[in-house]
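Shown next as C-alpha cells: one chain only, the form predicted on its own.
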C-alpha cells in the first residue's frame, strides 16, 4: 500500500510541481525513475536478506561485505575501456562486468565461510575489499581520459534516475529473472536457516544450494549496481524492518515483505530528493541518514548477544 502511494505521488509530482498533462515529463522522466526505484530497492533488499541468511550475520549486506565494491570495480573497468570497445557491446557490457565483479567477491566470501572464518573477520575483509577496489579505481581514474572519468564519477554517485524508456527493457528483464529465481528459494532457505545438517537430512545438496545463492545474489546486486550505481544501506535495513513488523522468521512471509519494504525505501528516497531538489543531495546521502540509525538501534537492542 505504501509502495503504491509513493509511486502515485512520484508520478504526479516532480521538480516542476504537480502535473499529469505533460506526457514527456510523466512518461519519459518520472515513469522510468519509479520503475527503476521499485525494482532496484526490492532487489537490493532481497540480496541483503539472502546474505544475512547465508552468513548467519544480521549486518551482512552488499555494501558492508564488499560485493558492491567488486561490482563497482567491474563497471569501472568497463567504462574506462569503453573508448576502445565496439558499439555492439556497450548495452550489455556494463551489466555483465558488474555481475562478474560481484560474483568474484561473493565467491571469495563463500569460500572463506566454508573455511569457518569468523563473522567479524568477514566484515573486516569486506572493508578491506572496498578499500582495495577504491584504491584500484583511483589508479584507473588517473590513467583514463577525462570523458570516461566523468561518466564513471556520475555513475558512482548512485541514482535511480537517468534511465530512459529505451533502457528499461533490459533492466526489467534482468529484474524479472532475479525475481523468478527468488521465488524458488523460500522453502530451501527455511531449511538452511535451521542448520546445514538438517538441510542435508531433508535431501538438500547444500554445496549446490550455496553456489546457487552466490549466483542469485551476484545477479541481484550487479543488476542494480550496473544501472543505478553503488546504492547502500537498503540491503541491510530492509530485512530488519520486515522482521520487526512480521515478528516471524518464515522466509515465505519475510521475502515478499523485504522486497516491498526495499522498494518503498527507494521510492521514499526519491520523494525526499524531489522535495530537497534545490540542495542537489545524493541518493546514498539520504539512505545513509535513514540506515545508520536503524543499524545503530539494532545493535543496541542486540548488545547482549554480541
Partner chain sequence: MIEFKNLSVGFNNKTLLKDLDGKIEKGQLIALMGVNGAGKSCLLKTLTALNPKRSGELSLDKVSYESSSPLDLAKKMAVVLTEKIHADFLKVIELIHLGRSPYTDVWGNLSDADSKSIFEVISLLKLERIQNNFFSELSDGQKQKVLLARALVQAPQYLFLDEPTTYLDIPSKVELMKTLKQLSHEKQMAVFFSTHDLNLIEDVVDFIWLIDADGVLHIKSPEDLRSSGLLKTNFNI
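If you're wondering where the values come from, they're calculated on a predicted model, not measured in any experiment. Residue numbers count along the first chain shown, from 1.
The protein also exists as the form predicted in complex with the partner chain; that form is not presented, and the subsequent description refers to it.
- Contact check for residue 191: a non-hydrogen atom falls within 4.5 Å of the partner chain in the predicted bound form.
- Contact between residue 197 and the partner chain in the predicted bound form is found at the 4.5 Å heavy atom cutoff.
- Interface membership of residue 277, defined by any non-hydrogen atom within 4.5 Å of the partner chain in the predicted bound form, is ruled out.
- At the 4.5 Å threshold, heavy atoms of residue 142 stay clear of the partner chain in the predicted bound form, well away from it.
- Note on the partner interface in the predicted bound form: the residue among 202, 92, 149, 215 having a heavy atom within 4.5 angstroms of the partner chain is 202.
- Considering the partner chain in the predicted bound form, the lone stretch of 239-247, 264-272, 65-73, 277-285 in range is 239-247 [heavy atom distance within 4.5 Å].
- If you take 271-298 and check each residue for a heavy atom within 4.5 Å of the partner chain in the predicted bound form, you get just 298.
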